[in-house]
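Okay, here we've got a single chain as structure tokens, the form predicted alone, with questions on binding and movement later.
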């Protein structure tokens, strides 16, 4: 890793943490709120530019497209998350989502920094990744995952603004269980059955409890205008991410046929990508035909975010195996 790349990556990581705290501070201080929001956005822009330079520099240093292992994919995910938020902020002025977007990017930087040194180093590609399909297939997937995360985070904010605080607490609990399982699966040697049970059981229990709690409304907390705004932001994020996921799945099938001789093999990660695609297709159908309330759709976006997390990181950290197991580092 060159000094420039290291400096730019560290700058991006630090600015994501800084923007998180400035966004949080803007919600506390009414007097300095507008100024702090502008500062937080400016800091995030600096981080986005620094990360762009870091990724380009890594590609130049490696002499290849810089997306070949878990560490590099985390850099891309953080980049797409910051870029996606900045785009949505420009379109919708969604300051309340800024601290969550910054926290997501910072978490990915922290997760990546804890990976083994072999992940940080530039190494020759494994044979399965030596193909021009890699730069066609993987970037749309990573960018779709980032947009789905932004939509899921918007769903959480929508629950808050609509006064569904109990449902929000259960939904956050489901997300915490899922993230904890992936963290434990990455950095410990716990039994895979236990980790899978923690992820699946915690997610289902939390989301089910959230669904059953949607009728509990804290009327003093309701801001209908903002609730409608974040419902719209969640929808728009999915409308950006869904075509990208579709492209990723199609190009993945073409790459699979090129590499393994068949377009679809029902590999666990392929199957999970299809399940994720179907969940967002269901969301789009329900949203267009107005068959669910905005709060129920918000929970669907949170469920989709957890499915995205399972598709992206879960299958390599929770021991599901399959043809994509080269993504594991343990």
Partner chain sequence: MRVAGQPLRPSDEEMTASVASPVKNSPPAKRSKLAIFASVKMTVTLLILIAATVLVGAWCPQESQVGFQKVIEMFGEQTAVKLSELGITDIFHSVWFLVLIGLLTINMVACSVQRVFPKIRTLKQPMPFFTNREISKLPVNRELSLPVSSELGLEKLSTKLRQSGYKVVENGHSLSAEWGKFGRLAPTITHIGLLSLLAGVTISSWTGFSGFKPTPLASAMSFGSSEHSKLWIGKLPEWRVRVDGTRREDYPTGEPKQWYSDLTVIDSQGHELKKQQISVNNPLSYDGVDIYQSSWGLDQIVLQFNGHERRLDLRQMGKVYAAFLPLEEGMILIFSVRNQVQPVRVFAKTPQWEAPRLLSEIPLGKSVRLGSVNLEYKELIPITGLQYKSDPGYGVTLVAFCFIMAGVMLAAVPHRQVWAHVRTEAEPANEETTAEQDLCILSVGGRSVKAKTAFEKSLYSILTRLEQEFAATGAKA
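Note that the coordinates shown come from a computational prediction; the quantities given were computed from them, not determined experimentally. Numbering follows the first chain given and starts at 1.
We do not show the form predicted together with its partner chain, though everything after this point is about it.
Participant: Go through 205-213, 123-131, 172-180, 109-117 and give me the stretch that gets within 4.5 Å of its partner chain in the model of the complex, heavy atoms only.
Facilitator: The contacting stretch here is 123-131.
Participant: How about residue 196: is it within 4.5 Å of its partner chain in the model of the complex, going by heavy atoms?
Facilitator: Yes, residue 196 is a contact residue.
Participant: Spell out, yes or no, whether the shortest heavy atom distance between residue 291 and its partner chain in the model of the complex is within 4.5 Å.
Facilitator: Yes - in the model of the complex, heavy atoms of residue 291 and its partner chain come within 4.5 Å of each other.
Participant: Does its partner chain get within 4.5 angstroms of any non-hydrogen atom of residue 86 in the model of the complex?
Facilitator: Although its partner chain is absent here, residue 86 would stay clear of it in the model of the complex, with no heavy atoms inside 4.5 Å.
Participant: Do residue 58 and its partner chain share at least one heavy atom pair within 4.5 Å in the model of the complex?
Facilitator: No, residue 58 is distant from the partner.
Participant: Among 242, 77, 99, 160, which has at least one heavy atom within 4.5 Å of its partner chain in the model of the complex?
Facilitator: Of the listed residues, the single hit is 242.
Participant: If you look in the model of the complex, which residues in 226-251 sit within 4.5 Å of its partner chain (heavy atoms)?
Facilitator: The stretch 226-251, when checked against its partner chain in the model of the complex, contributes 227, 228, 229, 231, 232, 235, 236, 239, 242, 243, 246, 247, 250 at the 4.5 Å heavy-atom cut-off.
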